[in-house]
Ligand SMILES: Cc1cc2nc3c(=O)[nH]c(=O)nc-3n(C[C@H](O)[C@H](O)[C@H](O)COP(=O)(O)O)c2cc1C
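Before any questions on binding or motion, here is one chain by itself as structure tokens, the form predicted alone.
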Amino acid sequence: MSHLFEPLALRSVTLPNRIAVSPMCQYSSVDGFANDWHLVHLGSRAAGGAGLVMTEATAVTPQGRISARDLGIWSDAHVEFLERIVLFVAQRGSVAGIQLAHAGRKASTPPPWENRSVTLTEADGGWPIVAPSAVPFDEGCIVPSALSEAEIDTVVAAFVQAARRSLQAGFRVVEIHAAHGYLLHQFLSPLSNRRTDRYGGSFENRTRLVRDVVSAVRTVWPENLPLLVRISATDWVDGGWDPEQSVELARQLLALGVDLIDCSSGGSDPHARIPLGPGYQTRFAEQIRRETGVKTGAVGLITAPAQADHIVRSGQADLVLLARELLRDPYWPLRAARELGQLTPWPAQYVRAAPANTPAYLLGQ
């Protein structure tokens, strides 16, 4: 049996395989509401055979949106359509997960197809942005307001309420977004965190908010359901966040009830020199898994079925998350199963697309 298609147990939830849809912003919401685009986008990946289908970064507050078109879960009204998506994903045999996020100083930006890497002013349809410190992300970006400790408490509370609504919508996996230069990562990294209070300076202080969010979310997220955290394992900048700090953070998060660390990288510095290449971030997943014992997910330029299977087979990670490859081909898992000699059922509606030698019982006949 292909290792990529082995089930993965996370508490009471069992993923049918080790393939996950990585969170990918769609910039298609109005006022944070999911709609038919999200249903089709996520539903087609479930029909395509992914074991875990993750929403895009879903804002826990309006201020925390990357753009005005981001998905949100800051209101009870957001739950109804998300529930519809979760139901469809489950009907296809996949598990629905949601990524909870706050963009911090990288909020209030235009959709990427407008090709403007700037912070929008209120006059341009933007909104005031916040961060650990009054340090802009890049030239042309607005200087954010440094959060007070009281405001930090409201951020923690927003994650908690978002997790409660996620449960109401039926999601069975929650992931806290602490990567890619967004708010929680901004607190972790010395590049963006210049605070001198209990949230800045030392490793213990810079990681405090992430630990506080995880602990608080665990009070409302059921004990039998898995909690994931996405981190940027390195800033790719000297003096920034690095793999050694990631290992120690993962060790602490494991003790707080985190079940899997989703290992990405970068995002804190727009000028970082990142050595892009096939599986370029997989070594971080392997290191964190080996040194802490926590389950990990690998993401980043994973495109070939044999490559993905090797990552799991060799113990580099427990889960493989695909992003652009699943945009190009929503049915990549079905193609991967065929290439790896794995018998995986096709949706009955798609039997005409199945290979000629597919056994009848896999075609719903």
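On a predicted model such as this, the values are computed, not experimentally measured, just so you know. For every residue, the number given is its place in the sequence shown, counted from 1.
Separately, the form predicted in complex with the ligand exists; it is not shown, and the next lines address it.
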If we take heavy atoms and a 4.5 Å cut-off, which stretch out of 330-338, 30-38, 50-58, 304-312 is in contact with the ligand in the predicted complex? 50-58
Counting non-hydrogen atoms within 4.5 angstroms of the ligand in the predicted complex, say which of 186, 166, 94, 264 makes the cut. 264
With the ligand left out of view, choose which of 180, 206, 78, 289 has a non-hydrogen atom within 4.5 angstroms of it in the predicted complex. 180
Looking at the partner-bound form in the predicted complex, is residue 282 within 4.5 Å of the ligand by any heavy atom? no
Quick one: is residue 25 in contact with the ligand in the predicted complex, heavy atoms, 4.5 Å cut-off? yes
Heavy atom of residue 99 within 4.5 Å of the ligand in the predicted complex: yes
Though only this chain appears here, would residue 106 touch the ligand in the predicted complex if you measure heavy atom gaps against 4.5 Å? no
Can you name the residues of 228-243 that have a non-hydrogen atom within 4.5 angstroms of the ligand in the predicted complex? 230
